[in-house]
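In the block that follows, a single chain appears as structure tokens, in the form predicted alone.
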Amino acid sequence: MNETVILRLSLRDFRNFDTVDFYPSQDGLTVIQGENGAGKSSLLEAVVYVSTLQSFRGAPREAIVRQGAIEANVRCDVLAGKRKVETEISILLGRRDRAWHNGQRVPGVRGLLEVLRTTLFTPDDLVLVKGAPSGRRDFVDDVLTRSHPRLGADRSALDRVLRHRNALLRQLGGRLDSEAATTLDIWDDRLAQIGERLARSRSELVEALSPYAAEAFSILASQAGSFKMRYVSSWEGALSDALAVARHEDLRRATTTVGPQRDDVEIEAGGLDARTRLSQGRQRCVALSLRLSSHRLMTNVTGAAPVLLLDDAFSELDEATARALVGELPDGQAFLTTAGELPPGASPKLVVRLVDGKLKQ
């Protein structure tokens, strides 16, 4: 199997950093310790940004560029198999991000993902289990994009179609003439084509993730019982037929009421609905299992293990679950941030401290 390894991460005017150079261990676990607010999560945020051009914290670009600066730069030297790739990202206020591989422009995220993929664990992952369906859809779409970039493009296409269709519905104000009906038919055809393809891709991905997640859950949770995942569509039959049936309601509500943007992923653990019937401790085990399953799936599909990022991921775990998670961490390069002690059983290859924007070994 080819390995993906970060050799160096260099930041300039990124978040609270003036300049910083980070040389992690090339294998095993690198631990980044520091007080809350020191910028530990920002280092991991930069790694994710290199592969997705997005902040995993949902931050706007204005928050990423250091206050007083107009541009942030991230450089990440990656060993992708036997090839060394120097990735540079320029985040300039008021302009689109620019990315380069070895000095050559990279046109989009798909090109970045060909070099670097990541798997991220955070305490906020609990929302994957107990939160709204949108969080579970986003999780599935994120795994799709990282493991099958071409399939992931359907999510962007769906968003575009929905923006146009919903704008038309709002403009119509509940009244539909023949000209508007023809335009709506066009958007319905596009939505049906893209929507069915995306839903099918999601369903197949959930089916592929399920055995990996079940295995992880059986290890993380004592007396775990069964574990099942199921993709639940918001319509039956052909999406084109469902849109036709829902047209009157869509006009009345001025929004699209059926389609993959309304779908969900149902998770059952120990025979109980994971969203409403499990304790919070068990829900955390489910969330961890989802992340582990996505990591293993991406490793098998792409032939290279993603870089594992654990952002304060052990802070809310009991000791038994923490030990189990340490034992389940896959091989390959991993980063862990913590404001406290190391999790029980952890054996890092490198420990650094982040103080006043500087890394100290």
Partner chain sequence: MFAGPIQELVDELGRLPGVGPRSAQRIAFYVLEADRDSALRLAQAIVEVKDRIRLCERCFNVAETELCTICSDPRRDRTIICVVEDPRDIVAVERTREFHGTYHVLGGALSPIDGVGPEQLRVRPLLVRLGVEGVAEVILCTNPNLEGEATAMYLARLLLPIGVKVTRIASGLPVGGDLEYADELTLGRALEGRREVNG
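No experiment lies behind these values; they were computed from the predicted model shown. Residue numbers count along the first chain shown, from 1.
From this point on, the text means the form predicted together with the partner chain, which you will not see here.
- Against the partner chain in the model of the complex, the set R163, L168 and D189 is in full contact: each member has a heavy atom within 4.5 Å.
- Checking R105, R175, R277, R110 against the partner chain in the model of the complex, a heavy atom within 4.5 Å turns up for just one residue: R110.
- Contact with the partner chain in the model of the complex, judged by any heavy atom within 4.5 Å, is made by just one of S134, T182, S222, S226: T182.
- Using a 4.5 Å cutoff between non-hydrogen atoms, P149 counts as a contact of the partner chain in the model of the complex.
- With a 4.5 Å cutoff on heavy atoms, I194 counts as touching the partner chain in the model of the complex.
- For the chain shown alone, A157 is a contact residue for the partner chain in the model of the complex, at least one non-hydrogen atom being within 4.5 angstroms.
- Proximity of V127 to the partner chain in the model of the complex: non-hydrogen atoms within 4.5 Å are absent; the residue sits far from the partner.
- Stretch 149 to 157 is the contacting one of 81 to 89, 287 to 295, 232 to 240, 149 to 157, since its residues have non-hydrogen atoms within 4.5 Å of the partner chain in the model of the complex.
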